[in-house]
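What follows is a single chain, given as structure tokens, in the form predicted on its own.
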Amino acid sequence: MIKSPLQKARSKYIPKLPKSLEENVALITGEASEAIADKAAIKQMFPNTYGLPLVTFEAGDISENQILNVGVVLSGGQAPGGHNVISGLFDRLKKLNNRNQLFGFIGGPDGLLNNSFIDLHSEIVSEYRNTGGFDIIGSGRTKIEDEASYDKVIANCLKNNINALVIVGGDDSNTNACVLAEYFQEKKAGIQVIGCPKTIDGDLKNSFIETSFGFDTACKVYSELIGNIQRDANSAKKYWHFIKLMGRSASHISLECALKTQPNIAIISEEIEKYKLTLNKIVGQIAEVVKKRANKGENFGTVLIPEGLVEFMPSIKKLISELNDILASKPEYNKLPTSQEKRDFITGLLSEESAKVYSSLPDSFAKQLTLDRDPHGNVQVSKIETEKLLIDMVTDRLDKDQSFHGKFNAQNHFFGYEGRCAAPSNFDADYCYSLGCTAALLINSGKTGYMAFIKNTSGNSDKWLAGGVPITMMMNMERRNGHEKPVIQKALVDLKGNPFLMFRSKRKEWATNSDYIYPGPIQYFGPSEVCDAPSETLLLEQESSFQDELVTV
């Protein structure tokens, strides 16, 4: 592998570990757990893995180690730090027993089904330490969701003497891990399953999963780009930049990037939903800020837009829900020859309210709402050009406003893939390595149906706390592809939480001023306060005194 000077330097970086993981560890068993919602339904569906106790690790002695053959699967979209999860998993397995082996399944869950894997020995793992991407074994979005597939996974694992799997993924992938763990227990297959929390969107978190890995790095990459654009805007003074950011189901990335860069406008989808704001209302609010800045002679600015905005507008959310059911149950739709026939077909199946909304949408936008769904049955919001729609509607609004005497020229951007495979920040490099070590310890302790966690992550890494949380504890029932299914509950932006309250207290000031912050690129070498700092979101969430200092807005 050809390496840049930065890659060579990063390969020498030794991730920092919590003190409790540096040497031998002891398992501490806590209280039994319950599902976050729909307890009776979840318990009925997971009788063998429901109610498991929380566990943590602390310095101490461990018992004799068995020989472990562990398979690891990278599932879903890429996130910075995945290679360090594998590095931590590999190193701790070898530390526990040098005869332990780690196998990487190729291409995500498909590798499990096809029995396609490689032996992850030290030479391979060393090539990928502290690097971005998932290219060590690749990833995939295939869902393993029927008994025939479960049995195929069991057969392939037993064939290769693999007695544990580590699933590295987001909420859907870890839901699948929980289902596998339950099935393996029911069948007495002797195969453990441990999950690791991955997603740059930041929506896989709770009281134990403080942040999903990759969020820190991705937000720092996006914030650098936003800062660059804001510096250009402040230099040229002639463009409004509408920037769509990753985040289908929550606005954590948009909020974090707003806290890092201080844009003129940042839309938070959860707030749109709470106050039932329409598309026209959002457009009107943007236009008012444009006018106010134009009155100061500043015909430029930045607008941050969460990727999943359209799903949070109440009327469009209801429309999308109906569209999901129609597209899942009416395959004849795809055989219709023309766009107009398809639109008429759907309109005839919608409720009166949704039909009215659907009929009012521009053809291009309506078509984007009916594109093929992802493997989980969700609309692919990354293909919906919300940023262009807002530009067009703001332009139209200002053209009709006789009191507007400024200029409005807009550029659109979408930052997505730019952040998914970046070299992990020091925080993500350390955090992911610790997660990998923790997953190995959970396996060695005989646990299954757990997700590895690291807590106290806003402080120094030596004080981090490692452990495992039962995946069933995070689950609730949701409608997917027209059916109620158990899934890990997504964490939305908390409108009463410190990060949003900080943003809310500043946004009026940011709207009219040009007090932009230019974060610059991720720093890997230098003072700890520059290189090791976690996200603004994480710092604010764990700052208990913050709300007392806020001025009510």
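Model, not experiment: these values are computed from the prediction. Residue indices: 1-based, along the sequence shown. Take the two forms, superpose them, and find the largest set of C-alpha atoms that agree within 1.5 Å; that set is the rigid core.
The same protein also has a form predicted in complex with another copy of the chain, omitted here; what follows describes it.
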If we take heavy atoms and a 4.5 Å cut-off, which stretch out of 350-358, 467-475, 150-158, 234-242 is in contact with another copy of the chain in the predicted complex? 234-242
Contact test, all of Gln78, Thr131 and Lys388, partner another copy of the chain in the predicted complex, heavy atom 4.5 Å: yes
Scan Lys455, Arg420, Arg293, Lys205 and let me know which has any heavy atom within 4.5 Å of another copy of the chain in the predicted complex. Arg420
Answer option from Tyr183, Phe312, Phe103, Phe415, heavy atom within 4.5 Å of another copy of the chain in the predicted complex: Phe415
Indicate whether another copy of the chain has at least one heavy atom within 4.5 Å of a heavy atom of Gly60 in the predicted complex. no
Is Ser139 one of the residues lying within 4.5 Å of another copy of the chain in the predicted complex, judged by heavy atom distances? yes
Taking another copy of the chain as it sits in the predicted complex, is Glu224 near enough to touch it, meaning that at least one heavy atom pair lies within 4.5 angstroms? yes
Is Pro47 close enough to touch another copy of the chain in the predicted complex, meaning at least one heavy atom pair within 4.5 Å? no
Can you list, in sequence order, the residues from 492-531 that come within 4.5 Å of another copy of the chain in the predicted complex, counting heavy atoms only? Tyr516, Ile517, Tyr518, Pro519, Gly520, Pro521, Ile522, Gln523, Tyr524, Phe525, Gly526, Pro527, Glu529, Val530
Using a superposition on the rigid core, decide whether the Cα position of Phe365 changes by 2 angstroms or more between the shown form and the other one. yes
